[in-house]
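Here we start with a single chain on its own, the form predicted alone, put down as structure tokens.
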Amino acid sequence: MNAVEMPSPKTPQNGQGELALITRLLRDYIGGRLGAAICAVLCMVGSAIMTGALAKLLEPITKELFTDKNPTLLLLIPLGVVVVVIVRGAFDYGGSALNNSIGQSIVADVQRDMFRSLIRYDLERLNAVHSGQFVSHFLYDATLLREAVTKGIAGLGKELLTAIILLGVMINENWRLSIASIVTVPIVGWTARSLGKRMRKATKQSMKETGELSTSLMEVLDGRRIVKAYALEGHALERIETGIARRLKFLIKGVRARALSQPLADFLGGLAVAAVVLYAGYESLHGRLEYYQFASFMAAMLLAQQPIRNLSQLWSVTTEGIGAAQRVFDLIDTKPQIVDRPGAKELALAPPPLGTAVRFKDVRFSYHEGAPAVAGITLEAPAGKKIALVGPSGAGKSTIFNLLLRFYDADSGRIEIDGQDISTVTMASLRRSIALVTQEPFLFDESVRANIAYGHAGATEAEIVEAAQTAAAHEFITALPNGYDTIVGEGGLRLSGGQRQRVAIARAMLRNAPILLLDEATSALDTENERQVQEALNRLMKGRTTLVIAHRLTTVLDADRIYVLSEGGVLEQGTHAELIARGGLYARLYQREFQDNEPVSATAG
């Protein structure tokens, strides 16, 4: 599956420059940590000053101890060096601890913002992008962003301050030598920027390949039963190895660009040293430069080589982080299309059996342009009645559920609950009024108790147990190693298919919603459990409005009304007996299902 770009309505993909992205990062995520950030900056300034002081101390060392041979400073100057080193170490520790704490906190905030945005995405967008891509953003981009904050932006500030302080020492000693020493600085800056662009391009490509690799890994693991059953291990291995090789290619490009920055900086620094030595020798021969001044100047210059050398590498790290920040902000800024309208009200429902009627009025919808999923569907589910949706695959049955839950908005037409257009009420109140049980139940990798309790926040233990008993799940749950505290595993795979389905039904029962959506909720159960659960569902459906997607017609023989769908439209409607007597599509489907068991009868059901 190819990576899908996630455009942002606020942030065009290439609309923000590096400075704008850094500014936003600082504004949105460091503003709340201003005190810690100021302390970190002060530590950086203190460290830079102490580094400059070390270089400056070489002047009295060479002059007072070696030239003037002043015994009074024999202990004082070395003590001063020790004090400067200790103070610089304290500043370095404080700055590093604060920077890393700020960086980790920022990443945590960014991840929270990403998930807040992600969890509100429309189902269409979530379906369009593989979950592996999102995982890659959360992990890989978050790491790059942390590196950019802790090593990149903060490191650039520290190294730049240190270089400026040392340049001040150099100018103080001899401004002419300083000019000779900085001639290579613009070249270093240009080189760092050029390498940074290469790094950003390589990082963007490696990020894309990381997402692809994550997608492939998740698909292989999710489909492990099919991989094993069809002996697809070789194909899976080839696919993963290809993804690793593609990702490695771009990672190596980035590594080479990063590795090139240091030798280039060293080479240019060596040229600067050669220029300074040449000019200093000339000045000394003409009596315009004392050797202790030259010693202090060279110390400052050599010390400045390290921050300048680091600047080129740190710019590469910052560039990678800027690319990650662009992708992170794209994800954060993307807004869902299906939202509460201005002035949306709570869904007002009369208590059953008086209320909760569902109506579709000439509803049309397409997932893809030119391919309607539902084409002018009109149907009604009176309050407290059981309505069945049957028909071949692709007839639009699941789409009706999706539209009623507002996972998607209809292209035209109107969907009502008790006369209220669902697009005018809050989605929270709409979805609170509906309980859904799907054909393939999904359970979280948590306890059985937690999975049932998701049906109703704040449910008591007694209510959870009652729901499980009603769903014919209590007996097998208590037989599990830890009973209701048993962890069900990824997707509930530690339970059988029938057990998962009964836990999901218990969750829906606990929700106690006035509208039930059942997508063949008993399909995974054996005969005995199906009978028990069907009896429980019948009790639950009493007085409530129920829409059932039926793949097995035996489950809807008692439906108050059956809608037969075909190619996105209602082909037939009526009771089981009426539809059998009509001899249309429903009768043919019924005959096909039961031709080996019983004859077709107009009175069946």
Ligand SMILES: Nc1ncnc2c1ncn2[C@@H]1O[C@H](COP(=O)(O)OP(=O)(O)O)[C@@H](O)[C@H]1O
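What you see is a predicted model, and the numbers here were worked out from it, not measured in a lab. Residue indices: 1-based, along the sequence shown.
There is another form of the same protein, the form predicted together with the named molecule; it is not shown, and what comes next is about it.
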* Structure fact -> Of the candidate stretches 90 to 98, 163 to 171, 388 to 396, 456 to 464, the one with residues having heavy atoms within 4.5 Å of the named molecule in the predicted complex is 388 to 396
* The single option of V488, I322, V358, A373 touching the named molecule in the predicted complex, heavy atom within 4.5 Å -> A373
* Please pick, from Y140, F134, F476, Y408, the one residue with any non-hydrogen atom lying within 4.5 angstroms of the named molecule in the predicted complex. => Y408
* Asked: Does the 4.5 Å heavy atom contact test between W175 and the named molecule in the predicted complex come out positive?
  -> no
* Asked: Counting only non-hydrogen atoms and a 4.5 angstroms cut-off, does Y367 reach the named molecule in the predicted complex?
  -> yes
